[in-house]
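One chain follows as structure tokens, the form predicted on its own.
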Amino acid sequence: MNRDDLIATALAIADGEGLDAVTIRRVAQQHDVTAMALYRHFPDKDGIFDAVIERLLGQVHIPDPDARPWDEQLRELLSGLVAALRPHPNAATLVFSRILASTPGRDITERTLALLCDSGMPVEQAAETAGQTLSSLVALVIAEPGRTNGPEPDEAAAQAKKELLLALPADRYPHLVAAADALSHCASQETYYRRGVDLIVTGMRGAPARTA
């Protein structure tokens, strides 16, 4: 029984059943060992969560600084972060409280702050913007049209949502009815995430640096 396998099991449980289902006992049962055996690897449930988010953030490639404009470099970094989180929407929320608890998370945050400061933001504004950006990226992942609870789209739930929207009175909600399919199904994940990251970065680029 090695630590990497235990982390993979915890992540699989989170993917399929949500974070509440991840416990020391549950992970131990998946490996046919007692809960006490896991305490050699993790102090408690929080320790498992720290390891899970470290695993996810460790997959993010942090590009070296180059001569491109700051926003192009930031777009590449954020796109890598989204790519790591989108297969695991249930675990994605862990980054809110744990991104600075691991070396990969600190490295991502440091690079983000450096690029925002390069844009002319004072460090306080850069820190606020980085936090707001993280929230937006997680929301992008967990709110993907057609996804409810898990890494794969829930076709039945998506179809039910579409039918509910189509049943609305078109004279009162013409735009909701027209957008029923787009609000219920993600026609192209690549387009959805690329546009989401573009909107976030464009918003940063248009925000004036705070001087006081």
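The numbering used is simple: start at 1 and walk along the sequence shown. What you are looking at is a predicted structure, and each value in this text was computed from that prediction instead of being measured.
Unshown form predicted together with the DNA; subsequent notes refer to it.
Heavy atoms within 4.5 Å of the DNA in the predicted bound form are found in exactly one of 59-67, 173-181, 31-39, 154-162, that being 31-39. Proximity of Arg25 to the DNA in the predicted bound form: non-hydrogen atoms within 4.5 Å are present.
By the criterion of a heavy atom within 4.5 Å, Met1 is counted among the residues contacting the DNA in the predicted bound form. Although the partner is absent here, His185 lies well away from the DNA in the predicted bound form, with no heavy atom inside 4.5 Å. The shortest heavy atom separation between Arg147 and the DNA in the predicted bound form exceeds 4.5 Å.
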